[in-house]
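One chain comes next, on its own, written out as structure tokens in the form predicted alone.
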Amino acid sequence: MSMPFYVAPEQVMKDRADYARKGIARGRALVAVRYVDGIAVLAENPSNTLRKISEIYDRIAFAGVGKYNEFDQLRVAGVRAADLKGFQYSRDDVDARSLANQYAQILGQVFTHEMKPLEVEILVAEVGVDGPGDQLFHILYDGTVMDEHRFSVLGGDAEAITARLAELELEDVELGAAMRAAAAALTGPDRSLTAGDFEGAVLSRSNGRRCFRRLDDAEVGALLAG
């Protein structure tokens, strides 16, 4: 009977992480930026039907990068979990923190125990009653959760996009300024993108009970034009 090859656990984890990172980096990036009335989310996505940004619950949005079928399954699971908790308890009991922790457990379990990790990064964003209540949870392919503040960058060339955003003044900006900053960071100095190349949405405190609103190409274009 032949003995199986031994591979050190740390090498297995490293190989899985490299595999996931390469798959995610091939996709187009996404940026979320806080502004005075909530959170703006802008993704490079020329598709008119496949959405990277979606509503999870009243004040909560979901965004994903990487393999569409994988992060869309996570989106559906989040919607079901939020609906069940809101029905069993109260709508006010549904929060981004608990959803982010559930996503982290799923991603961490798959990364540790399955042969192939999920090639996704996801964002769970919640708009608070006031500015200090806004939350951005960035969850990586291995289940790592990062609580981010001014902005969050997922996928693509995330390091370069983060560096471009870090250079900008993003304190108490209006929606138009936030969207222009996100678009400039996603585009970079060497490319030119139009409103049709982006998918945009906002979580706005002024939208009533359901804070999520998707922006069409005309609205994105108007905001980018300033």
Partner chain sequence: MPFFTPGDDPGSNFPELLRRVGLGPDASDLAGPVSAPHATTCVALRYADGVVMAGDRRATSGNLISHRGMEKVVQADKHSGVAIAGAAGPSMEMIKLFALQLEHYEKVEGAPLSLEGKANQLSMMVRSNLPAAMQGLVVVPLFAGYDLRRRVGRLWNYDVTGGRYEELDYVATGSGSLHAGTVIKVAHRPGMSRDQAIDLACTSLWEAADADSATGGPDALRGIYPVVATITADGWQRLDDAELATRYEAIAAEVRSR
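These numbers were taken from a predicted model, which means no experiment stands behind them. Numbering follows the first chain given and starts at 1.
The next section is about a form of this same protein that is not shown, the form predicted in complex with its partner chain.
*Asks:* Here the chain is shown alone; which of Arg97, Arg150, Lys116, Arg91 has a heavy atom within 4.5 Å of its partner chain in the predicted bound form?
*Replies:* Exactly one listed residue reaches within 4.5 Å, namely Arg91.
*Asks:* Hey, in the predicted bound form, does Tyr57 get a heavy atom within 4.5 angstroms of its partner chain?
*Replies:* Result yes; Tyr57 sits at the interface with its partner chain in the predicted bound form.
*Asks:* Considering only heavy atoms, tell me if His138 and its partner chain come within 4.5 Å of each other in the predicted bound form.
*Replies:* Judged by the heavy-atom cut-off of 4.5 Å, His138 is well away from its partner chain in the predicted bound form.
*Asks:* Look up in the predicted bound form whether Met146 has a non-hydrogen atom within 4.5 angstroms of its partner chain, and give yes or no.
*Replies:* Answer no; every heavy atom of Met146 is more than 4.5 Å from its partner chain in the predicted bound form.
*Asks:* Check Gly155 for me: does it contact its partner chain in the predicted bound form (non-hydrogen atoms, 4.5 angstroms)?
*Replies:* No, Gly155 is distant from the partner.
*Asks:* 193-201, 166-174, 38-46, 66-74: which one contacts its partner chain in the predicted bound form at 4.5 Å, heavy atom to heavy atom?
*Replies:* So the stretch in question is 66-74.
*Asks:* Indicate whether the candidate residues Ala17, Ala20 and Gly23 are all in contact with its partner chain in the predicted bound form, with contact defined as any heavy atom within 4.5 Å.
*Replies:* Per the other structure, none of Ala17, Ala20 and Gly23 touch its partner chain.
*Asks:* Which residues, if any, of 199-218 lie within 4.5 Å of its partner chain in the predicted bound form when only heavy atoms count?
*Replies:* Going through 199-218 in order - heavy atoms within 4.5 Å of its partner chain in the predicted bound form - the hits are Arg209, Arg210.
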